[in-house]
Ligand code: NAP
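Have a look below at one chain only, the form predicted alone, in structure tokens format.
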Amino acid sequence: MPQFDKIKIPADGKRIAWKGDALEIPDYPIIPVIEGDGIGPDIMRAARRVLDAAVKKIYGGLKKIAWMDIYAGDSAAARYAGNVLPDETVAAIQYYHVSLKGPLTTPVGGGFRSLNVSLRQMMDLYACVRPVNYFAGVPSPVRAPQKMDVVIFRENTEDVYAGIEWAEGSPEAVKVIQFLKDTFGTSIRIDSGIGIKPISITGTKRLVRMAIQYAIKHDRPSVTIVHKGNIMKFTEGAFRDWGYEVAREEFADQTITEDELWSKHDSKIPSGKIVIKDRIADSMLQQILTRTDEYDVIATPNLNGDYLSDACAAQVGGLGLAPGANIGDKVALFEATHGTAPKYANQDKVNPSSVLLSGVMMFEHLGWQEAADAVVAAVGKTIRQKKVTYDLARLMGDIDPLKTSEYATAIIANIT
């Protein structure tokens, strides 16, 4: 067990442990929680109230979350002499296996690297999982937002997010440009910044494997591999090929390709089979608008997944309603998918649904499906009652918005 300096372990909780190849969930699990920066404290307080109320109402005191505050970003800098990501925070997330996190500041350009990316890479949380579906009554820019029901598996550790890059004019950039010219005859402008885009067999196959396993477990009809392999043939094109290899070599009894669907089955999906297909990234961004209900589970490299998940969220009300999780082999970190919105910090104003619904994903991960379903139903009912925060109220018309805390109270009243 790691030794903590600033972190206080709840006396009434027990650690989630691994037994064999599955989590062993106590009735009072210790869940590390990072409030986050900017609006983080406001939305996390609201989310924790709702999650606690759901567990109490559904399980009658037989289960309870033992929250354990840990620190990153501004809250860590204030406690750890300016260190925004202390070692004991990382150790706590790894030791307790399941955590919840608010948004953390990511500087543009200079400054420290993204804490979100750092956490994913340090703990090898290789799958960013983002379900996107619609709550009735939410204003949408599309005609049929109810058709959106996808789960995106975005590779988390490679691609341009690996952070291998050098600034224009730096000795490293000049050296790389000259090396490529001398060795391979490439022509790159000397005033270029340089980045490296790695995509590996290991990173690809474990991500696609998780996506297919999810589709099988949840009875989803298809998995779509999204890539830009027509241009980047040996990175994104390889991602596509390696994805098909996983399906063919490890899930042959449960999957068929889209080509086989048409050539052997006259477009009728055989019972018990999942269709594996692929789409070029730019085409997919169009099709997720025009043929939304043809897609179910999506597996994609890092950058494509970032674009696509936000584009999907826009159809159902925006990032304020979009949950997410970063999952590895033994650690899962559930988080709000939006930023810190510092201009709204401490105003009790912003929609907490993203981090709240990430908490729902956490419940599902724990096997507390009844509590997860209760929160989702209560959020849906609250929105249909037009009891919403300012972001939705301004789109719904002549509605007085609720504060963050008031929205949480309204959801709690609707939990049954």
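The structure presented is a predicted model; accordingly, all values stated were derived computationally and were not measured. Residue numbers run from 1 along the displayed sequence.
Not on display, but discussed next: the form predicted in complex with the ligand.
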Open item on the list: Residue-level contact is defined here as any heavy atom of the residue lying within 4.5 Å of the ligand in the model of the complex; does Glu335 satisfy this criterion?
Closed with: yes
Task: Residue contact check: Ile194 to the ligand in the model of the complex, 4.5 Å heavy atom - done: no
Open item on the list: Taking the ligand as it sits in the model of the complex, is Pro342 near enough to touch it, meaning that at least one heavy atom pair lies within 4.5 angstroms?
Closed with: yes
Task: the ligand contact at Phe363 in the model of the complex, heavy atom, 4.5 Å - done: no
Open item on the list: Can you pick out, from Pro103, Gly73, Gly324, Pro301, the residue that has a heavy atom within 4.5 Å of the ligand in the model of the complex?
Closed with: Pro103
Task: Single option in Ala46, Ile34, Ile39, Val375 placed near the ligand in the model of the complex, where near means a heavy atom within 4.5 Å - done: Ile39
Task: Interface segment, criterion being heavy atoms within 4.5 Å of the ligand in the model of the complex, picked from 363-371, 54-62, 344-352, 26-34 - done: 344-352
- [ ] Sequence order please: the residues of 254-285 with a heavy atom within 4.5 Å of the ligand in the model of the complex.
- [x] none
